[in-house]
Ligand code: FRU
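Below, in structure tokens: the form predicted alone, a single chain.
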């Protein structure tokens, strides 16, 4: 449909939000605040939005509610960066006050066109979800242009109230958008639309339908092309657990294949979970000027209690990750820019492990650990993090299960989860153990923990709320050793 310009601007409510942020910041408790991960200045953060490179810098927008540390009527918060590590807070980009979005400016994406930055987002009014557009000449102040895709543009088998999270991209001189949807039979779907100018859109086809009514809408679809393949990311609600995969209430998946944008057909070759930890949702990607694909995601999870809410804030983002395909599977590594912030290196080699091996100067909660284990004959081999006299978190290989386990059950703070979820404390993944060796690269940031296994073959992300800062290593039920260990403080 053709967009119509809204008469109501958004300057008043964004200004009110920004004024509130400035005056309320002193009340925020900083106990578990990160140092090199993006998080809200105050209030609530969830899905990353509009992750892009435009007008000479990286932009990270995000779902934001400044007036309380709980999900509510969504705004778009805004950070910019030159290196994915240091984030500069910008004025609030969007606030819910227009004719179509008075109940919220929800998730979407961004694209640069003719030297201007366009935001495409889900506008909500009285349960009605539509897709709207906003534009900025300077990448800071945005003018709303109104609705561009409404329920009248949906195929007839779609639920009108579950239609959201546009991911806009350019291919062959035409703009396309992926949208999460739900069929009238409760099937999760991804829809494809196209437009010559971002203003007039037409439905192309439904490129994904899961055919399982026990699953929910596919939220926050994303797409990138690498090595001649299309990779689609999405966050389906209610994915059923499959052994060690999809253990959270809501999961994030990737699908490798080929997308025919003319026909709207996606030929899928492979599908898997993106992250096997506790706190990972709604990933978005950007292609950097040097050609890398970089992903960011919400480092939190729905249907759980969030301990930082009582401190005046909730939610954060993962450390952005570089994505590559190897033999058709997704590998992840932390952005290389983080290496500029390494300080105080400490190295060890060939350390025989006991049930509690502590190494001098290997401690802290703002650190990077690179450790390669010889698993020997031990039944369990790994590392204790955030360790105090009474509490600890363990990441280890369990030989009997042939899995890597992330166990935060003894961190000292309780987290309640939905009754449909097994627990909120233990997650596992299976990795390739070759020559009886396992490599872990771990990033800690006050209350965040990200684990990269075997060069990014698998990742596990989780928030940890603890009072400890010690680190130790262990082997149980046999012998094991550290072949190599490098530890750095991360100082931003």
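Residue numbers count along the first chain shown, from 1. Nothing here was measured: the structure is a model prediction, and the numbers come from that model.
This next part talks about the form predicted together with beta-D-fructofuranose (FRU), which is not shown.
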> Among the candidate residues 190, 134, 149, 220, which is the single one with a non-hydrogen atom no more than 4.5 Å from beta-D-fructofuranose (FRU) in the predicted bound form?
Replying inline: 220
> Of these, 164, 167, 78, 321, which has a heavy atom no more than 4.5 Å from beta-D-fructofuranose (FRU) in the predicted bound form?
Replying inline: 164
>> Considering non-hydrogen atoms and a 4.5 Å limit, does beta-D-fructofuranose (FRU) approach residue 71 in the predicted bound form?
In response: yes
> According to a 4.5 angstroms non-hydrogen atom cut-off, is residue 109 in contact with beta-D-fructofuranose (FRU) in the predicted bound form?
Replying inline: no
> Wondering, does residue 463 line up within 4.5 Å of beta-D-fructofuranose (FRU) in the predicted bound form on heavy atoms?
Replying inline: no
> Any chance residue 373 has a heavy atom within 4.5 Å of beta-D-fructofuranose (FRU) in the predicted bound form?
Replying inline: no
> For the chain shown here without its partner, which stretch in 43-51, 427-435, 440-448, 27-35 has non-hydrogen atoms within 4.5 angstroms of beta-D-fructofuranose (FRU) in the predicted bound form?
Replying inline: 43-51
> If you look in the predicted bound form, which residues in 294-316 sit within 4.5 Å of beta-D-fructofuranose (FRU) (heavy atoms)?
Replying inline: 302
